[in-house]
Structure formats: structure tokens, C-alpha cells
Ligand SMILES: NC(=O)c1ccc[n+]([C@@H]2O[C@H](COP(=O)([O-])OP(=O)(O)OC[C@H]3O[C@@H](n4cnc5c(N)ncnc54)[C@H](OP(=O)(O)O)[C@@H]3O)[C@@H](O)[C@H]2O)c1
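As C-alpha cells, one chain now follows by itself in the form predicted alone.
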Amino acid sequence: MDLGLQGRVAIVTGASAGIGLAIAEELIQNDASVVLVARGAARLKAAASALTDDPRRVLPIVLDVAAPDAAQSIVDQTLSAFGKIDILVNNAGRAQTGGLMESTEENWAEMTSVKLTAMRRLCKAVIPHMRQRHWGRIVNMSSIGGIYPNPKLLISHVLSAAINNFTKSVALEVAADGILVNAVGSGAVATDNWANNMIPAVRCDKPEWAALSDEDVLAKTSAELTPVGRAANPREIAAIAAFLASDRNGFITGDTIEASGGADRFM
């Protein structure tokens, strides 16, 4: 399927690994140019080099998206390099385990600033440029926990629900401007983020799995909770995001697409 992405310019946050990197790769392979945003300089540089041999099609920006001036800096650097902004993929953030009583004020502040505040600022910064050209696509990465919350992941799932609501609200505000805004609510995906944040929580709940490798814990958890019997590959999530960000999507907006392998719970 030709997604019609040739010549498009996309910003992808959290783009140095996992789902963000997979989305950037999908966009590059469909002839878009991509601005990669992440905090880790070494990993971001390696990701940019791996994506394409043409440095004119990729711009790595080492930046913490939670910084107050980050959104405007990203927009300014993108316009300086490519002259326009067609697509924004808000992917920055990680999972945060714990319920209400375990969560700290610092946990809430950090997670909110990265997952929701940065998203709001970036959308507000790019929309005027999309409006000028009467075309734009925004994809916000969320979780099925925003629909089916798990109290053991309270902060993450409260923020996922907020992302879903934010997505619908902004979509309605800009629909007449040729800008489509959607979210992807993913379930279990085999990434480093899942390994670092979810698997330790699973091990706490299931001490009988102590001797299993991380790969085996992920496989057994996915088989128990996901009707298709496995976790997603990041490229499968990336394919959904790329379609939503493309010319081939002309009528889907304000939706949260569930990409959970049929699961109606998270963990």
C-alpha cells in the first residue's frame, strides 16, 4: 500500500528506541523525512544513522520534551531544516508501576510533564503550521489502560485516559482545518520499556516465575492476557501509526485505535 508519505515531514518524540524508533523507520521507508527527538544523545545518534544513509532526510534533536521551551525549539529546528511540518507523533514517555498509595508527587509530576504536558505543548506549536497548508496528521501514543485501567499502573492509565480525551477534543477543534488527530492504545509490546518497567512488576506478582528469563516472563504474560497469545512487535504498532499519519487516512479522526491483540485488560 502506497501511504502517500513521499515528501512529508514528521516529528517523532521518544524516537531513539522501541515503538518510537519503529514508527520513524516506517515513515522513512515510506519516503518521509523524520525529526527524531529523544534525551539520550548516543542512542539517538545511533538510531539516526541506522535509519538512513541520507542525512538530509533525518534530523536528530537531543532534547527533554518536558522542558518548557522544548516544543518551540523542536518546531523551530524542524522548520529550519525542512521548511514545513506535516506529521507529529507524540510517543515520549514510559510506564509507571504502582497504585495510589505507592505513587509519589514526584512520580505524578514527572509522568504528567512528559506524557501529557509535552504533548499539549507540541500540538499547540505545530497546529498553526499545519493550518497554513490545510493538511496535518497528529498521532498520540496511548495505552489500552486508558480504556481498561489497572490500579497497579494508576498514573500511566490515568494519563492514557487523559490522552484519549485530549485526542478527541483536539480532533474536533481542528477537523475543519484538514488536520486529523488520533491515538493508538497499545497493549503489551515487546520493547525495552516493557522489559524495564512491566516485567519487574509481573515478577513481584508471580514469585513462582523468579527463575524465568525476561523473554519467558513476557511470553507467559502475553499468552495469559492476550487472546492472540503473544505481545506485539513494535513494527506492528508502527504500521498503524504510519497509516493514521498518511494520505491514505482521510476520514479517521478523534479515535483511539486499540492495538492490544484482543486484550481487554493491561497486565
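Residue positions are given as counts along the sequence shown, with the first one as 1. It should be emphasised that the depicted structure is a prediction, and the values quoted were computed from it without experimental measurement.
Keep in mind that the form predicted in complex with the ligand is missing from the display, and what follows is about it.
The single contact residue among Ile155, Met141, Leu122, Ile85, judged by any heavy atom lying within 4.5 Å of the ligand in the model of the complex, is Met141. Of the candidates Ala219, Ile199, Ala46, Leu63, Leu63 is the one whose heavy atoms come within 4.5 Å of the ligand in the model of the complex; the others do not. Shown alone here, Ala245 lies farther than 4.5 Å from the ligand in the model of the complex, counting heavy atoms only.
Not displayed here, the ligand is approached by Ala17 to within 4.5 Å at the level of heavy atoms in the model of the complex. At the 4.5 Å threshold, heavy atoms of Val114 reach the ligand in the model of the complex.
Among heavy atoms of Gly40, some come within 4.5 Å of the ligand in the model of the complex.
Proximity to the ligand in the model of the complex, taken as heavy atoms within 4.5 Å, picks out 142 to 150 from the listed stretches 142 to 150, 76 to 84, 123 to 131, 99 to 107.
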